[in-house]
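In the structure tokens that follow, a single protein chain appears in two forms: structure 1, then structure 2.
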Structure 1
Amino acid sequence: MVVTVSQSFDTGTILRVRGPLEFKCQLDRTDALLIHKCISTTFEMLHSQVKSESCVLTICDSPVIIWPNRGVYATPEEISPNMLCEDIHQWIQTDEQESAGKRSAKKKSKKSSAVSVINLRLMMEATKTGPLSAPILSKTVQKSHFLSTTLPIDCVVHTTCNDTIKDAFERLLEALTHQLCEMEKVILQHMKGTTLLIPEPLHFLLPEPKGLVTMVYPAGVPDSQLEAQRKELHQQFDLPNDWPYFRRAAAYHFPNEPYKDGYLRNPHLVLTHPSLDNGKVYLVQGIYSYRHYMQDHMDDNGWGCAYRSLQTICSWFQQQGYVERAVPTHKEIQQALVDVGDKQASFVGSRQWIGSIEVQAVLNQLLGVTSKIMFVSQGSDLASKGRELANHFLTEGTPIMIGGGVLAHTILGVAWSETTGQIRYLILDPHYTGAEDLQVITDKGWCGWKGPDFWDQTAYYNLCLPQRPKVI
């Protein structure tokens, strides 16, 4: 049983509560049953803590503090339980407020992520009202084990514009209670002797109308060992078994949270897609990072474009959770080609170009991914490949590397009309040498829609179409 939200995901507000909960107990015995009882008792205590009047939720970047178990009492006083949840936004100080004048004009032309997130912190009130009796020190002497950790609570609740604070916080409490239950299950399930795995919550965005769901996974157990659980989840949510919705890497990334590695994700999402007569847009599925010249302190200006396109593709496989290995560096790519016998040892460290065939070989060698090669004898013929490209994005959904003339690019999508034959290509250009500035990249067309004249009409092109493994 999981908490789900069945409404359009793009509207409303997500309330996200995070906070560590201290988990401490003395395990008296090495008897598994008694250990389980000990853990359950500690969880009972945590449940009552969360339901007690000492439980406090503070709204990040704001002076708002709410006691959900005291009739949803809040400070400052102006906040009442019957206020609309989305009104909380007024109290939150954002970076944008500080540079409001400079940025607002430009920002409006871009599509911003429609769902907004309010972050909350789970805390406990240490103070209480008197009268009180002085403390008691209790000492137990017994050879045993002591368990001490913190549970990383992370709950979400999706509210609509009609929800009041009272409604929202009641649901948050339910979510908190539910998460504690899930965490208890995970701990008990994966407990071996006195080794304990920390339960980690992760959120996954499922296709409409299911929305955001939260799963608790045991830390340290790799995805490969959790396949049975994922199968069950796919069944439970009626999801196809060819897309890994529940791998860790596929966890939902909350908007406005910067990625730690600094790369831009899916810059194409802010673009307005072309509308062709009777045309449809076919896009890459899932998430990739934009890799281009000069990143990672690597000056590959003039020779590394295919490498960067390959890196973009590798990032796609990593972020969907198909592979765990990090995106390979130029050297690692070159080494892989030497390892498969495609290149001499002197290739490593050189500035030699690679093409689609090499990209295919590296994907296979390092990621275990197979790819199809499409050959086009002249650039003008690309205009007629609409159907094939559309099919690729429909069934595989992976980014395509295209090399020809003297350039390599990444194709992220195609807009194609079956009837008129009109076609546009969504191109991600690895030749960009600037900083990770979404505005510049989209304004200047480094990620943008191009027409058939983008290609060198007389040169021949090879396309590498990576095939997505049909696993969960």
Structure 2
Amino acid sequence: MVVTVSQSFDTGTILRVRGPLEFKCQLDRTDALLIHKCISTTFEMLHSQVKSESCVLTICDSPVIIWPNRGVYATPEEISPNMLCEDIHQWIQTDEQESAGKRSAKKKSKKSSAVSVINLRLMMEATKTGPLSAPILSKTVQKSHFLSTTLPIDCVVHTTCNDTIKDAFERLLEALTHQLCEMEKVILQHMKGTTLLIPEPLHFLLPEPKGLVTMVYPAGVPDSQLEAQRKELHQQFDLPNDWPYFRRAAAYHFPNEPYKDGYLRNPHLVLTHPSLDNGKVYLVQGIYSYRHYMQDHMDDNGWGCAYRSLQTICSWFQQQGYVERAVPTHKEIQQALVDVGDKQASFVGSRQWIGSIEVQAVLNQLLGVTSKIMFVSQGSDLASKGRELANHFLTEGTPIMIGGGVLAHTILGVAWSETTGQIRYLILDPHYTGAEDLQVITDKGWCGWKGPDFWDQTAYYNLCLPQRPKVI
């Protein structure tokens, strides 16, 4: 495992370099000492490659090529080592710009308050300039063992507006060589005979001011077998021992990469917080997927709102790394309620509603998660629950499912004033039936802040407040 820390960031540019490095090692014998020596020798060769003039970094979606070990020489020639790193953006093609490899009249990218990412590809020059020598072929008959794999290099450094290309790429090379060292440690530590476990780089965003941290895990070794290493990391970074910061599912998702499953994540982040007199905002912690009617080729319009709220909660536990199982389908939710004795077998495949009590039972049955139930005799009383809800988001940070009358919703946070008692609720509405369009969802209020009058003032409500397992 490895720790490489970039500085804390809210703005600036992340340089991310990825690419395969071929690991090839020929063994005359298979005793452990020789294997370890041969692996270390092979990594020394890889270090030499990365430090050689043949090492090339190409900037994705641009004509820019940089040789970091040739005085940070670059093409096109207008790019100099002393140019500011953020100026690389003007060479990168975007969907809005003209194609044909031009710079769109050298217009700079619009400044953004958020961190941006420049993707680079690690490559090695296979040929050199100058006269070519004739190839020489030789044949050797020898019994040996050949180890071969591809190392998935994935390094990041964070740059500020004052960093030059030279400074940034020197740090990037340091990160590359450091990652090779840590990959060697992981391979040697988890070697089984002549079987190599591929090292797996992952990035984790820790609470401020710690920033982005890169780890190298052994692929194929489950998180359950890496708890001792995670405990060491929590101590090293002075992190609480009740939140799984370093599980694979909690790995940082870069802002320029779409999620492959198609679900929107955290749509509430684009909303403006309500302003209340002496009010504070208390929000869900971590990442969830917005689940709503008609997703997954499932027509549950009119009856599946609580199922969708439950799926949103399950996605939160999955994406924080508390559980590894997939978000349950409607049928799996129904089967879980049959398994715990809450429903008859005929319930599976039906279109029957569920409520907060059933959500609590399913979370416990499928995820091993306990929940508290808050009973509210009428909707008008929800306005007095600000302290309890604020405390939940402070201490647990999980989405809340609320059911009342014939409707279910997901509460993602509250804005609450302890002095005046004013309250607003951040609601994620599972009744939405449209496409995954963030602007529509937020502009039309499917994810938005609601006042106390949002609730049916005379209906009773049950709230399911999931409790986080205190694990790392």
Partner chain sequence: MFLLLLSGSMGRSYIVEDAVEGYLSKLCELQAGSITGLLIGQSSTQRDFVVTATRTPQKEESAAAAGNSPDKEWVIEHARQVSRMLPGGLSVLGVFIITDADSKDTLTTVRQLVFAVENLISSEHLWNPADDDVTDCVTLHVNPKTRKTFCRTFDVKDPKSMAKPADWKYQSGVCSSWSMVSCCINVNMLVPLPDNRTGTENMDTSLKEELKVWAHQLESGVCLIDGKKLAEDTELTGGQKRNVRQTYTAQILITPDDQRLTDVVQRCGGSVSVRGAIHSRAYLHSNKPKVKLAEKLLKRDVVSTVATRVQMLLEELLTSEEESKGSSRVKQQTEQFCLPRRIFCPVKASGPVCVCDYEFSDEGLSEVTDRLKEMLDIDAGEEDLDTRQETPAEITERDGAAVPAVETVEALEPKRNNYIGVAMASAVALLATAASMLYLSDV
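Between two forms, the rigid core is defined as the largest C-alpha subset superposing within 1.5 Å. Computed from a predicted model, the values in this text were never measured in an experiment. For numbering, take structure 1's sequence and count from 1.
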Practice problem: Tell me which of the two, 1 or 2, is the form predicted together with the partner chain. | Solution: 1
Practice problem: Classify residue 229 as shifted (yes) or not shifted (no) between structure 1 and structure 2, where shifted means its C-alpha moves by 2 Å or more with the rigid core superposed. | Solution: no
Practice problem: Using a rigid core alignment, state whether the CA of residue 139 is displaced by 2 Å or more between structure 1 and structure 2. | Solution: yes
Exercise. Using a superposition on the rigid core, decide whether the Cα position of residue 130 changes by 2 angstroms or more between structure 1 and structure 2.
Key: yes
